[in-house]
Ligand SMILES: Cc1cc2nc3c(=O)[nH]c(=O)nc-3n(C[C@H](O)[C@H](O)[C@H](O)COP(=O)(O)O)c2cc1C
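Consider the single chain below, provided in structure tokens and representing the form predicted alone.
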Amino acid sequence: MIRTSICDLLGIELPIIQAPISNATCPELAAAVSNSGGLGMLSVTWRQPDEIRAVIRETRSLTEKPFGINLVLESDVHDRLNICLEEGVKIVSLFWGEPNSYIRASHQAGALVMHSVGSVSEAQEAASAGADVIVAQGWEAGGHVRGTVSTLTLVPAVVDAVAPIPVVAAGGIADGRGIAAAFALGASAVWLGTRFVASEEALAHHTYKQKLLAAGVGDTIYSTLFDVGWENAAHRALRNSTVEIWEKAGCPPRGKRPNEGQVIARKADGTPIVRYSFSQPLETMQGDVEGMVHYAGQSVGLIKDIQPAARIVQQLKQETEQVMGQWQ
């Protein structure tokens, strides 16, 4: 049984956390992970207030187990946090910004706070602000990436810097070998994003999921290329046609890139999505979804199938137990 102290803190059975994966997450995914013993997460930063209430309530209707919400602090999202706390959310995840006021508000409402960091100094600041859990995100991670240090180096450094606060390892983990390695580094839990994008429940577009299966560990790019809607934010994503035309043009800066402003896809409500947008392709979108950003970590090369989230959690558990059993 892979159980650590963080399980008691968060009220979960397995120290496996599904990363929020932006709007590709949904109640079905979060509930499936939580019902399987891990911790499911909902991204609410880019959802409207009514939708936030709806997804929280739907998730609660699907599971009696704990689940959490995630907020990106690039802009003021206190209103969204307040909605989540009003709905009784007890686990709040924060990323990409100064967390102090959000931590205070969450604690006042009786919620625990996890804060994702990319450096030791950021981890120490979050610990001083009162974060209950620190998520150490290595450079290998998919989606938006806070730092430039690898998971292998960052996790033990953060563990040493913030002890006894539990640390969650994020970035480059997609199977039991990676989970066991994270535990060896001192992590109390793991945080997997790309693996859960490749789940049946995730709202990622079919094309996106198939590209994940076809990719190798060297098929991602770390850049600030997909920045329309979120400027100067480094991220890791799969190489695609948009990356290719940009590189062929000599990797010009924003404002001089090929086909800037070109509408390549549309959301379900008809809202246009332009080339270089930070929006990932969801199953309801139509158009040139291949040219949109496909967030993925370097662990993508370890993912070979699309499975139900519950099966993914159980497989991760079994693989981890097998690896750790070999150490005894």
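Only a predicted model underlies this, so the values are computations on that prediction, with no experimental measurement involved. The first residue of the shown sequence is 1; numbering continues from there.
Note that the form predicted together with this ligand isn't included here; everything after this is about it.
Taking a 4.5 Å heavy atom cutoff to this ligand in the predicted bound form, the contact residue among 172, 166, 118, 99 is 172. Note on the interface: of 156-164, 215-223, 178-186, 68-76, the segment with non-hydrogen atoms within 4.5 angstroms of this ligand in the predicted bound form is 68-76. Under a 4.5 angstroms non-hydrogen atom cutoff, this ligand in the predicted bound form lacks residue 320 among its neighbouring residues.
In the predicted bound form, this ligand lies within 4.5 Å of some heavy atom of residue 295. Residue 280 belongs to the set of residues with a heavy atom inside 4.5 Å of this ligand in the predicted bound form. Remark: residue 140 counts among the residues lining this ligand in the predicted bound form, judged by a heavy atom distance of 4.5 Å or less.
Shown here without this ligand, the chain has 19, 20, 21, 22, 43, 46 in 14-47 lying with a heavy atom within 4.5 Å of that partner in the predicted bound form.
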